[in-house]
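Take a look at this single chain, the form predicted alone, given in structure tokens.
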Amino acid sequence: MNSTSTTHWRFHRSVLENLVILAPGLLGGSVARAAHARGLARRITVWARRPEARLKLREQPWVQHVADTPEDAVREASLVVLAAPVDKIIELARLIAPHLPAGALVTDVGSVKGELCRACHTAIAGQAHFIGSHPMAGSEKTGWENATDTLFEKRVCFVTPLEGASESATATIARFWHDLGAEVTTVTPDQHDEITAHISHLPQAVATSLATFLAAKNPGWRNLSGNGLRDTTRIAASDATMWIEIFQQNRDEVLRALTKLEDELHGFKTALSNRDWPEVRARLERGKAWRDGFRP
């Protein structure tokens, strides 16, 4: 893995005039709720694609204004958060670009950053600043109805500026996520995609594959398991549509990670087949040492 360059920020709390969240799902809704709870914006504006969702959002105490179109939503924006699915974020950036106030900031919550950051930067360059973000705070649950004002507390949030991006814009985006409770780390978009292929997308592929494999066995076995199987397969319950989009966007990095994992599994299988118990123990102990290294 490439070395990761991380910027450490000193933050001074500030309040946004108008925070705009487009297409709020779990993450976007949680941004709005957390910003409202922490007093980070004088006005929170949202837009949702479905009219019935906009109607329900108008009833929420953490929203001051619900716009009927993305273009109307961003006309007086200080910061825009693009919270749509990964494959719709670039489309939204291009749609709102002509309507953004000069100097406005735009970020997103997408799980894949390389192509997305370059396309969004190109779309709004000269009018506003785009700095990518990815809060590692998802859930197997979806929709703004499941949003909470504590979703980002003590969770990592990647901020992914392109080379040459405005330092002040990057600092403002980093401060925003920090004020929402997140632990901010700054990497390039391509570094982000390599990292998350290993620590997020690969675990999803493994959990899904294990659950799919066991689905072909006696379904009653599931009810005989302990917490180990529940823990290992929890994220297999995640939304398939969302993960198809992520795997499409980060295909090459995920394939590289899967290839390395196949080598690791082959090594374990070989040791087991050969009754090489010292090697099996060594692998178990290496795995335990790595797992024990997680922060509390």
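All figures in this text were calculated on a predicted structure; none of them were measured in a lab. The numbering used is simple: start at 1 and walk along the sequence shown.
The same protein also exists as the form predicted together with another copy of the chain; that form is not shown, yet it is the one meant from here on.
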query: Options 47 to 55, 22 to 30, 242 to 250, 66 to 74; stretch whose heavy atom lies within 4.5 Å of another copy of the chain in the model of the complex; finding: 242 to 250
query: Listed residue (171, 156, 165, 95) with a non-hydrogen atom within 4.5 angstroms of another copy of the chain in the model of the complex; finding: 156
query: Touches another copy of the chain in the model of the complex: residue 16 (any heavy atom, 4.5 Å); finding: no
query: Residue 179: touches another copy of the chain in the model of the complex, heavy atom cutoff 4.5 angstroms; finding: no
query: Contact test in the model of the complex: residue 217 vs another copy of the chain, heavy atoms, 4.5 Å; finding: yes
query: Interface membership of residue 125, another copy of the chain in the model of the complex, 4.5 Å heavy atom rule; finding: no
query: Residues from 276 to 296 in contact with another copy of the chain (non-hydrogen atom within 4.5 Å) in the model of the complex; finding: 277, 280, 281, 283, 284, 285, 286, 287, 288, 289, 290, 291, 292, 293, 294, 295, 296
